[in-house]
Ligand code: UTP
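One chain is shown next in C-alpha cells, namely the form predicted on its own.
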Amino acid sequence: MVVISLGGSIVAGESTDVEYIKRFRKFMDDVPDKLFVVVGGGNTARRYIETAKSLGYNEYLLDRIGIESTRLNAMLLITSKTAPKIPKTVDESIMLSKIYKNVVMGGTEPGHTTDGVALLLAERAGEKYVVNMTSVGGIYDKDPKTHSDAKIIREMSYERAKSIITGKRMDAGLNVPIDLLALKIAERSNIKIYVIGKDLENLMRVIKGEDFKGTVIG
C-alpha cells in the first residue's frame, strides 16, 4: 500500500487543473500498488474559510468547512477502481481498502490537517512512508517563491523539520509543506515523509525506491 497526501493546491489552485486530475486518475488505475490518497482543500477551502471568517465563525467551524472542501476535492479522483464513497474516518478507509484497489478521502475532524490524516492512515495500516505531494516540490532553505537562489534540502531529521514549522499558527487552511501534527505522528512511529511536487513520474520513482527529486524527512 502507498499513502499519498495530495496537496489541495495541486487539485484546486487558482483554477481547477482538469488535465492533471485526468492524469492522476489514470495513474491511480494503472499503478499496480494499492493507493490511499488523502486530498487537501486548496483554494476551494481557503475561499470558503475566508468568507466564513468574515461572518464570525470560530476556528472549529472553520475547520469543519475546510474538511467538507477536502471531501469535495477527493470526489474528483474517484474512478472505477476507487471506493465509490469518501470515507470520513481512518478506520472506514482501511475497511474500504479491503474491497477496493484505491481509496481517496479528505479530512476527518477539526484540528487534524490532511497531512496529519495521511500519517494516521499510514500508522494504522502499518506503512513506513508517506508521499506528500505539494505545489513547491520539497523543503527549501528559504522560500523558493520569493528567493531564486533557494536550495532544496534533500534529507532532514524530524527535529529539524519541526523547528521550521514551530511558531506557525495552526489556523484553518494552514498552507505549509508539512505540519507539526503530521511530523509528531511520523516521529512516534518512525514513518518517513517524502515531500515532492506534482510530477507523476517522480512519484513513481518514490514508489519504486529509485532516486527522486524532493526531500525525505526521517
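Values in this document were obtained by computation on a predicted structure and should not be read as measured data. Start at 1 and count along the sequence shown; that's the residue number.
Not pictured, yet referred to below: the form predicted together with this ligand.
Asker: Is N102 one of the residues lying within 4.5 Å of this ligand in the predicted bound form, judged by heavy atom distances?
Answerer: No, N102 sits far enough from this ligand in the predicted bound form that none of its heavy atoms falls within 4.5 Å.
Asker: So in the predicted bound form, is this ligand close enough to V117 to count as touching (4.5 Å, heavy atoms)?
Answerer: It does: once this ligand is placed as it appears in the predicted bound form, V117 has a heavy atom within 4.5 Å of it.
Asker: Report yes if any heavy atom of I49 sits within 4.5 Å of a heavy atom of this ligand in the predicted bound form; otherwise report no.
Answerer: The answer is yes: I49 has a heavy atom within 4.5 Å of this ligand.
Asker: In the predicted bound form, does I164 have a heavy atom within 4.5 Å of this ligand?
Answerer: No, I164 sits far enough from this ligand in the predicted bound form that none of its heavy atoms falls within 4.5 Å.
Asker: Spot the stretch among 79-87, 139-147, 102-110, 122-130 with residues whose non-hydrogen atoms come within 4.5 Å of this ligand in the predicted bound form.
Answerer: Among the candidates, contact is made by 102-110.
Asker: Who in 33-52 is close to this ligand in the predicted bound form, meaning a heavy atom within 4.5 Å?
Answerer: In sequence order, G40, G41, G42, A45, R46, I49 come within 4.5 Å of the partner.
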